[in-house]
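To begin, one chain is listed below as structure tokens, in the form predicted alone.
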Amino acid sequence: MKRILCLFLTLCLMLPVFAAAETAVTDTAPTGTAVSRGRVVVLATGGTIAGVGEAGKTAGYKPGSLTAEQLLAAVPELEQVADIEAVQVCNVNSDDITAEVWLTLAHTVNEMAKDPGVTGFVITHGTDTLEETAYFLNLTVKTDKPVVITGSMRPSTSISADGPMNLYQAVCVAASPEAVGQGVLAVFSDRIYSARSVTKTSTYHVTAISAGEMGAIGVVRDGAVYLYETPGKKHTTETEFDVEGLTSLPRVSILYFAVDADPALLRFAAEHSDGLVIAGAGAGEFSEAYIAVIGELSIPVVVSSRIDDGVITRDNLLCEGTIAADNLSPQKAAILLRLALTKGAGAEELARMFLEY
């Protein structure tokens, strides 16, 4: 009996130790960074994530049907991550996104970021032009607070809709201190991508948003954010682009080179544009007929590649005075050129910008 009593007393004395040990393990076990509560602003623009169609089907839906509030109501778990503020910027298919929408997003983020109570931002967006909006904001928002863009490949009414999980994970990243100072990020299907490298690689797969050869820079697991790489190019607060007073952007046209591409299109585009981007074959190459016309043009011409993993250097350039796009896709090269033209950049300045950004 005495032995049992002694054992009971010993266990009672050890309970606080066990509790402390359990707390210590709980506090130190995660290797990722769990989110901390703050206020995340969700800026909704429409797209498939807000799409509605025939129950169960993935095609034939109408993008931009649900409001920001409806999107948030479908993910009640967000209340455990952060206080959420919803802003409906527009509600369109992402193919109808315009420079004016870009500028509205940048102005809104820059203004709301001044509020110390705001932790970060999430932008819901259609996937077709998600990469373009991400890169534009990466060059124009002026805050270290996380700005995260996401969307979905399946409408809200389909079987296994991917929007709710992508939205949840995007908010987790926007609320995480890990994402501070990392530039604009894209979150899709558990992975985190930098705005400069993110791209769409499929017309149907739920992992359609990726970064090609560049790869993801982090992952999200059960609300914890794991970042393994940081963007190396200048972004957000480090850039020279100020869109504060802008209501429009210079017009840039993209021409896709192929066999028998008509060089007359170059002259037509030049008459209606402030700059051109050529999606060249291979390492930014094109025909002798193209070379002859490009030599006549008086507007900036940036040479990119129609290849997904194309890298253009100065040594690849076929025409004097043209600018190498580095590894920017034609659509992202056009964005950088449009912003550069707002500063009146000449050829040498453009060459520098395409290396820095």
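Predicted, not measured: the structure shown is a model, and the values here were computed from it. The numbering used is simple: start at 1 and walk along the sequence shown.
This next part talks about the form predicted in complex with aspartic acid (ASP), which is not shown.
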Using a 4.5 Å heavy atom cut-off, which residue among Gln169, Ser158, Ser194, Thr127 comes into contact with aspartic acid (ASP) in the predicted bound form? Thr127
Contact with aspartic acid (ASP) in the predicted bound form, heavy atom within 4.5 Å, among Ser273, Asn93, Thr104, Ser210 goes to Asn93
I'd like to check something about Lys145: if you look in the predicted bound form, is any of its heavy atoms closer than or equal to 4.5 Å to a heavy atom of aspartic acid (ASP)? no
Exercise: Val141 in contact with aspartic acid (ASP) in the predicted bound form, heavy atom 4.5 Å: no
In the predicted bound form, does Tyr290 have a heavy atom within 4.5 Å of aspartic acid (ASP)? no
Would you classify Lys234 as touching aspartic acid (ASP) in the predicted bound form, given a 4.5 Å non-hydrogen atom cut-off? no
Quick check for you: of 47-55, 294-302, 322-330, 308-316, which stretch puts a non-hydrogen atom within 4.5 Å of aspartic acid (ASP) in the predicted bound form? 47-55
Using a 4.5 Å heavy atom cutoff, which residues in 139-155 contact aspartic acid (ASP) in the predicted bound form? It's fine if the answer is none. Ser152, Met153
